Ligand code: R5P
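Below you will find one chain, with nothing else, as C-alpha cells; this is the form predicted alone, and questions on how it binds or moves follow later.
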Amino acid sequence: MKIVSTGNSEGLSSKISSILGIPLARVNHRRFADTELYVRIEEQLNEAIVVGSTYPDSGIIDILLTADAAQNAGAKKKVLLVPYFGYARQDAMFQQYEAVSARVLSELFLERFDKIFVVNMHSPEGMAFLGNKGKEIRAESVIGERVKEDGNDVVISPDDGFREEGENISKVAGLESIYLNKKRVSDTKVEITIPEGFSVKGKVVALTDDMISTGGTILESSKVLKQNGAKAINVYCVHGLFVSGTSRYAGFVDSISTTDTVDGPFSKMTVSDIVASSLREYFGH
C-alpha cells in the first residue's frame, strides 16, 4: 500500500504518511508546453490511497489522471481522500437547467474509487451523492483544541448554517457558543446583527466557519463584533481559500487560523491525525 499525492496535497500527504507509516509513492507530475498535465506513478502498487483536493479545479483532472495511473500501476484497491471537495456548494438545481456540480464530481469519483473520504463536505446533500462509498471526516475537534489553546472567551458562528459545528467546537474548547443573524442582500453583501441580549464587550471572540472563500461574511461579522466592543477577534475555519486576499481584514481581525485541507500561510492546524485515524479504521489496522 502506498499514499499517492496529487500535486496540490503533497504537504498533507507527507504528514499522513508519517503518522500511518505508509510510504509515499513516487509520482511524476509535470506540464506539457500547452499546460496539459502529465502523471506517471514510478513504481508498482497493490493498493493506493490517493490524496487530492478539487481546488483549484485543475485538481479534478489531477485526481482523475492519478486514479488511472494507479490502476495502470496495478492497484487492485483505490481509496480517495479529498481534503477539500470544491464544487460541493452546487448540490441541487436552484434554477432551472443548472448543472449540479457536486453530483457530477461524485459520479466521476465513484466510478474510479472503492472508498471516498471527504473532510467537512459543504452539505449533507453533497455527501449523499457519494452513497455508501462516502465517509465524511469532521474537523471541529481540531479547531476546538486550537480555540482553547488561544485563550478565547466565546465561540461565534457567522450564521445559523454553521451553528451545530460551532457548538461542537465550543464543547471541545469548553466555551459558550452563539451564532449571528445574517441576512444576505446580494452575492457579495450581507447584513449581520448580534442576537439581542448578548454582549461581546471586552471579550476575545473565536469566529468560526467551515470555509472562507471571498470572506465577505467573516469581514462583516468582524466589523459588527468590533463595533460592539469585542476585545479581539480570532478567525478559524476548516477550508481557507481567501480568493479576495486578507489585507481588508486589517483592523478587524486579530488572527486567522485554518487547517491544511487547503495549504496556505494560515494553515496552523492539521487534519492529518483525524484523517489517519479514519484511514486506520477503514483498513483495520
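Numbering starts at 1 and follows the sequence shown. None of the values given here were measured: they were computed from a predicted structure.
Same protein, other form: the form predicted together with the named molecule, not shown, and the subject of what follows.
The chain is drawn here without the named molecule; in the predicted bound form, the stretch among 59 to 67, 43 to 51, 228 to 236, 213 to 221 whose residues come within 4.5 Å of it by any heavy atom is 213 to 221.
Using a 4.5 angstroms threshold between heavy atoms, residue 78 stays clear of the named molecule in the predicted bound form.
For residue 184, a non-hydrogen atom is located within 4.5 Å of the named molecule in the predicted bound form, even though that partner is not displayed. Taking non-hydrogen atoms only, residue 140 never approaches the named molecule to within 4.5 angstroms in the predicted bound form. Using a 4.5 angstroms limit between non-hydrogen atoms, residue 209 touches the named molecule in the predicted bound form. For the candidate set 167, 159, 136, 150, a heavy atom within 4.5 Å of the named molecule in the predicted bound form is found for exactly one residue, namely 159. Residue in contact with the named molecule in the predicted bound form (any heavy atom within 4.5 Å), chosen from 103, 122, 203, 115: 122.
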